[in-house]
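Coming up is one lone chain in structure tokens, specifically the form predicted alone.
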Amino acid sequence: MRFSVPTEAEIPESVRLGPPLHQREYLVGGVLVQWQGPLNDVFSPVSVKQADGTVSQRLMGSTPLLTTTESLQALDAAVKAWDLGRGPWPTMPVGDRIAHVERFLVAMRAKRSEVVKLLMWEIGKPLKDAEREFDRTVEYIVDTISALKDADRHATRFVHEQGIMGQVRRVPLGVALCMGPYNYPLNETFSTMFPALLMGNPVIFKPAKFGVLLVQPLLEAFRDCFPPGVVNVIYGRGRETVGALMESGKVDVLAFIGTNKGANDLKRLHPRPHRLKSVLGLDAKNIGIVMADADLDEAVKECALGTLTFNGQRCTAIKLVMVHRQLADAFVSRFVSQVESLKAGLPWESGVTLTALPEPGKTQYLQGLLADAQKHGAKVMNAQGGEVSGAAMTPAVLYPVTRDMRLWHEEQFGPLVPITVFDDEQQVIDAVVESPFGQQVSLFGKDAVKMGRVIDACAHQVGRINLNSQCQRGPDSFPFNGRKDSAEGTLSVTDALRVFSIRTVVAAKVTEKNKQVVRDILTGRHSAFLSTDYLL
């Protein structure tokens, strides 16, 4: 495999970057504030050959390195917008909140090409995948609006039970801090942020550590489409910004997608942990299980996609492949051929699967895992496996991997594919049970009895069991969650609306006097909560 290094002239004009984007604005209280302090340089993982023949990673621009002072100002703006639940946003009719989000969607769609280009350059995501991430994010928000309308229509009715009448509606929780991952910096952040907003929660949004510049084209839309303080966007190092937010005790919801260690550290900072609602997507070490009777071609294809799509930088990637001993040699041989057929190159090139890695120091970490596996007896099965070129790494298929190796236990989040063998299904069940993570497994096979046994064992260990297919998140109507150290809370188009809200009921004995009071409140529109308005 070869990762090419283009000159500026060789980059197609349609994807070429302009001058570096040195961003100084951030959004607090409905105002784009100009930052006069230090900036954090943003480099692309894509290297470019200069006129003098030197090769360097492209400087894309820079973003503000805010401090505790600015982050607390953003918190104050969100707290003011919340106003103990009495602010205009949390008390606004659902239909009006939806209208604000729909105006944002119009503005967001107009920035598609700009956001996609920045997404591609900053995290090395292939162009088609970057386009898919943008489009899927828009679709997710649209579907969330539709789900909210359905839920609100259902909530307009009154329930009569045991002489009590009541109306049950969902209300927001308070100030939400939303932080997403660098591998899906748009989709996974917005998949928590917009359900939070639609349910009435003011939001503080801190972009991921990479994939930061793509937010800049949307700042004006956030400012113009939402009331002051409802959306606040801050930048900077987490220890300088997020720590102070959590220590304040004024964050009511933590929506965080990252490592379980990072989530634990953040939650410990909150002085009232029982009041903090956490929505977390964390580590995963998803296992692909290839039974003795699996369709070999199908298993190889799906495992290759599952392990190496976007360089394996997905929480839903298959990160350990367990193959029955009867199939092991044939599987490894075909898998290596499949890997070697994958195209490596620049993000805008057609058909590219493997690109440069955005995280500084990542290749060194991966090489450490590789060396440890080799030390304990694993072999690199594919030619050039593990070779590094700049910020890129050729995938390495390692076999046989054992429990003595770091790669068995650690989430590599990169293009290393550990393969091991098993002799009976109890061994794979033990591996799933013993893992500290519990997001998904992929199970390949045909024997109904054995498949059923593994399904039943895994159902209490992971959030999703994929039959004869790679691990994945979609469709977004399906619940996305995990057990053990992999997640807290469930996300989907409908579940996300639930996790950012709580059910509250207004109840009264069924008497003529009480019915008249309720009628007067409804007809006079004296309550934002108690309402029979029906969304069309």
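Heads up: residue numbers just count along the shown sequence, starting at 1. It should be emphasised that the depicted structure is a prediction, and the values quoted were computed from it without experimental measurement.
What comes next is about the form predicted together with ligand G3H, which is not displayed.
By the 4.5 Å heavy atom rule, the three marked residues 184, 188 and 472 all count as contacting ligand G3H in the predicted complex.
Between ligand G3H and the residues 260, 461, 316, 338, the one pair within 4.5 Å by heavy atoms in the predicted complex involves 316. Among 136, 406, 111, 223, the residue placing a heavy atom within 4.5 Å of ligand G3H in the predicted complex is 136. Heavy atoms of residue 26 never reach within 4.5 Å of ligand G3H in the predicted complex, leaving it off the interface. Listed stretches are 41-49, 62-70, 473-481, 495-503; the contact stretch with ligand G3H in the predicted complex is 473-481, by a heavy atom cutoff of 4.5 Å. In the predicted complex, no residue of 380-416 lies within 4.5 Å of ligand G3H by any heavy atom.
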